[in-house]
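Starting off, we have a lone chain in the form predicted on its own, written out as structure tokens.
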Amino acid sequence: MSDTPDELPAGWPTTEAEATAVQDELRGRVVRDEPGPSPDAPLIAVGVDVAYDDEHDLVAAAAVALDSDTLEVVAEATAVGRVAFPYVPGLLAFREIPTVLAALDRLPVSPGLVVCDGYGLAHPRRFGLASHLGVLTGLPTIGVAKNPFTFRHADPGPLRGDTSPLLDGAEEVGRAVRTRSGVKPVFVSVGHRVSLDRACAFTLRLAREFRLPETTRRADALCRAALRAASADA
């Protein structure tokens, strides 16, 4: 098991008001006018995910690096730490980012793209985990979520690659993307330094056989294994 220090970063918010103020400040640093890496270019795509043990107040994070051409695992890392913030809808990133950053820091390769199991701009304050992580690391990031959160969308066409806008009023905050024909879509949003078109293209490139990108599938399995090991030792 890999542990992160129980101490949180200096100045880490402890109240909802403090966390909201941090979101408001960091949101202005999100880069939305870069297209990001080409979906056709070979790169290292890193999936990050977390799992919780509420009984022991633990969160396990995993970072799994894949070759975007072959989808083979290049490297992987985990970290386990204490949950960093209470559960507050819209502020979930504050619960897990210190541990996610620790896992990313342990990767021996440099990510060309980070794929988060969650949201970026598709967030009530336009600053979900993918945006938060992107701003803190400077890396191109996207969010690929399993559900549309509070936003509305028309059902995309039935074929792989069909999309429809994810809307907050008239604003497109992401897209519903059909990664497998006849299977319910995933919900893609920009995190940092990647356009929405390319975020959707990367999602399709990384989700060749299953509904979820392989980055997410691998990171999910790894963080759950790390949590089981940590909980057994707790």
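Just count from 1 along the sequence shown to find any residue number. Just so it is clear, the structure is predicted and the values come from calculations on it, not from any experiment.
Although it is not shown, the form predicted in complex with the DNA is what the next lines describe.
Asker: Would you point out which of 142-150, 107-115, 73-81, 160-168 contains residues with a non-hydrogen atom within 4.5 Å of the DNA in the predicted bound form?
Answerer: The contacting stretch is 142-150.
Asker: Considering only heavy atoms, tell me if L66 and the DNA come within 4.5 Å of each other in the predicted bound form.
Answerer: Residue-level check for L66: no, no contact with the DNA.
Asker: Is G90 close enough to touch the DNA in the predicted bound form, meaning at least one heavy atom pair within 4.5 Å?
Answerer: Contact with the DNA, yes.
Asker: Taking the DNA as it sits in the predicted bound form, is R126 near enough to touch it, meaning that at least one heavy atom pair lies within 4.5 angstroms?
Answerer: R126 lies outside the contact set for the DNA.
Asker: Examine V59 and determine whether its closest non-hydrogen atom to the DNA in the predicted bound form is within 4.5 angstroms.
Answerer: Result no; V59 lies far from the DNA in the predicted bound form.
Asker: Of the residues V194, L206, A51, V173, which one places a heavy atom within 4.5 Å of the DNA in the predicted bound form?
Answerer: Looking at the other structure, the residue within range turns out to be A51.
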